[in-house]
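As C-alpha cells, the next two blocks hold two forms of the same chain, structure 1 and structure 2.
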Structure 1
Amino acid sequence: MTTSQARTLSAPLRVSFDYTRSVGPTLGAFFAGLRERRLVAGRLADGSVVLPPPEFDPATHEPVTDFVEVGPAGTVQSWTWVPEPVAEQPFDRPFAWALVLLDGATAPFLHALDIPYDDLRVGMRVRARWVNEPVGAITDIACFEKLRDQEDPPRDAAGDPPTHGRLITPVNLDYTYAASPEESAFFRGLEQGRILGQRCPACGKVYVPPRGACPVDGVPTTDEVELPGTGTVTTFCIVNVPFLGQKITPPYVSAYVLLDGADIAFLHLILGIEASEVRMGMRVEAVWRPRDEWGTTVENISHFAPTDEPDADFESYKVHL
C-alpha cells in the first residue's frame, strides 16, 4: 500500500476472471461462421438483416433461425476516433471504431478500422481482415480495412456451418483500491505493532477492524481503542482442501478470534498446535513477524498461538458467535 497525502491508504487491485459461456443455436451459427471467415447474419420478421444475429427477434420475440451470409465488404456508416485506447481494445495505438453496413445487411456492425485518421470518411468501402487462425470468436476479425477499387474481396467456400458450443471471455479489471479512513487508521496502527479498533458512541460496541459506521446504530464509530494481542477462539474451521494461492499446507486452522475488549471477532490463522487440538474457548495470542518485515498489512501478525491460560467460559463469548 502507498501512504500519500490522501487521508486513506490505497493499492493497485486487479480482478481477473474467465467467463465460460455456452452459445445457443443463433450465436452458435454466427461464431461457427467466423471460424470459417464468414459473416452469418440473422433475418428478422420485418425483413431486416442484422449482424450479429440477435437470439430473439426484438419485435416478435421469436427465436431467430433464418441465417444469411453478408459481406465480407461493407460501407462505413459512422466512425469515431480513439485518441487514448484502453486495455485489450483491437489496437494499442490511436485508432477508429466504425459502424459498418455489410453488403446484404440492413443494420450496422461494430468493429475497429485500420485506417488513418485523415482518411476516415462516412461512405468509404471496407472489408474484414481476419486473424491467421480463427477460433470462433468476435476477435477472429482483426479489424476492417480499406477495400481497393475493383477488388473482389476474398471469401472461403460456404459449407454447412459446424456446430459451435462454447466461448471463453477473459475479463481483467484494474483498480486503485482505497481503504476507508477507519480501515486506513487500522493498517497504519499495524505498521507500528498496534491493533486499533473503534467504539460506537451509541451502543459502546468495539469493532476491529473498525468500520465506517456502527452497523447497529448507523453512526460513525469515532473513539479509537487500542486492543491487546490476546483473545479467545469463538469458532473455527479446519482447512483440509487445497486451493489456488494457498500459502500453508493443509490441514490448518482458520479461526474467529475475539480480542479481549472487542465486540466483533477477527479472522486469522491458528498455528503452533495440532489442528485437532484447537477448540472453542481456547485462549490465544498474536505472534508478530519480525519488526523489519512490518507494513500496513494484517500479515504483520503471522498467526495466533495458544497461551497457557485455561479455556474461556462459554458464557463469556456466546453472544459473539
Structure 2
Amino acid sequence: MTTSQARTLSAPLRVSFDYTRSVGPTLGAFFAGLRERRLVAGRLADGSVVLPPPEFDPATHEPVTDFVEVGPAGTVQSWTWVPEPVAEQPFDRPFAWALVLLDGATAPFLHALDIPYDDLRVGMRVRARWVNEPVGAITDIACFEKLRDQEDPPRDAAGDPPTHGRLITPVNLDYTYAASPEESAFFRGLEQGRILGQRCPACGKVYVPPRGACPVDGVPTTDEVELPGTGTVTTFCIVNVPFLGQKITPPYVSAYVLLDGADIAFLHLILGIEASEVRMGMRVEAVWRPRDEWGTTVENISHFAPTDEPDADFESYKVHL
C-alpha cells in the first residue's frame, strides 16, 4: 500500500431536494382536517380505523372513502428517546418519538412527544398540541403532550379547509462520506492532475474510480495505474428537466466515458458540443479547471469535450455498456 493510499479522506456531504407529490382525495381529506385541527382517519373494509388514511384498502384494493374523526387524545403504546436532535426535527432539545393510539383508531400514529424523560411511560394519556396557524401539513401538529386528569381535549376549528392538489416535502440528508484507501489515492491523484485507477492482479481489469476488490475475482486491486484523459462515450443521457441546485442550463449531456486503458466507464459531463450531437462511440478528452481551483474532487475535471478523432468502433466498447 502506498503512502497516499494509507491516508484516507472524508468529507461532509448534504443531499437536499423538495419532494412533490399530488395528494388526491384521500390524503387531501387528511390534510384538510389538519387545517381545521381535526384528525381524519380512514375506515377500512374490516372495520379498522387508520391514520393517516391509506389511499387503497390493503385487503380489497378499493379506494378508501369512509372517513372518521379520531383523537385528538390517545394512549402511548411505545416510545424512543432522542437525546441529540438533528436539524429539521421537531425540537432542538431532547424529546421522544412515540406511537400513539388515538381514541377511535385501531392502529398507532407516529409523532413527537414533548414530555420529560422521567415522566414517559407506556400507557400514558396524551393529546395533540397544535401550532397557532395550521396550513394543512403534518407539522400542524407541533407534538403530543401529557393529558391532564379530567381534561377534555379541545376540538376547535381554524377556518375553511383548503383544497389540496399537491404536497411539497423538503428532504435533507447530512452525512460524512469516508473514502476507502483506494478512493483516497484516486482523489489525491486528481489534486495533482492525474487520473489513477487500480488493476486486478488476477484478471488484469482496470477500475477507475478504483475499487478495493475486483468484482470479477474478489481479490484486492493492488496495482496502481495512471490513465490518460481521453476516452470513448459508451452511453449517455440528455438532461432536459431543470432541478433544484442545477449548475448547468439544460439541455446538457451526462455520459459514461470509457477512459483509454480502463475496464469500467467513468460518469461525467459532455460539454463543448450540442447535446443532440453527442453519440455512442464519440471520442472525448478531459477538460481540467484552472489549477488554482483544484482540490481532492472529481470536479477538478470540468467536463469532457470531443476530440478530432474518428468515432470508436462499437466492437471496442460493446462489453462496457
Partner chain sequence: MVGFAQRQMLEFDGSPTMVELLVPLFAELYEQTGFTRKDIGFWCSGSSDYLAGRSFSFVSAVDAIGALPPVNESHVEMDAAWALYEAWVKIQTGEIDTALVYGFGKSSAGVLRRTLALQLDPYTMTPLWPDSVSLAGLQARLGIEAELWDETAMASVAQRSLTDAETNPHAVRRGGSSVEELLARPMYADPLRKHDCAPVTDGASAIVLAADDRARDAAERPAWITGLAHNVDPLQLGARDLTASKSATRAAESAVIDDVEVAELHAPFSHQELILRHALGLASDVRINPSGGALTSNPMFTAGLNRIGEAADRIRNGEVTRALGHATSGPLLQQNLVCVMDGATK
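Quick note, the numbers are simply positions in structure 1, starting from 1. These figures come from a predicted structure and were not determined experimentally. Heads up, when I say rigid core I mean the largest set of C-alphas that superpose within 1.5 Å between the two forms.
Here the form predicted on its own appears as structure 2, and structure 1 shows the other form of the same chain.
In a rigid-core overlay of the protein, R35 has its C-alpha displaced by at least 2 Å between structure 1 and structure 2. Relative to the superposed core, W294 shifts its CA atom by less than 2 Å between structure 1 and structure 2.
Residue displacement note: R194 has its CA displaced by under 2 Å between structure 1 and structure 2 (rigid core superposed). The two forms line up on their rigid core, and Y177 then has its Cα shifted by 2.4 Å between structure 1 and structure 2.
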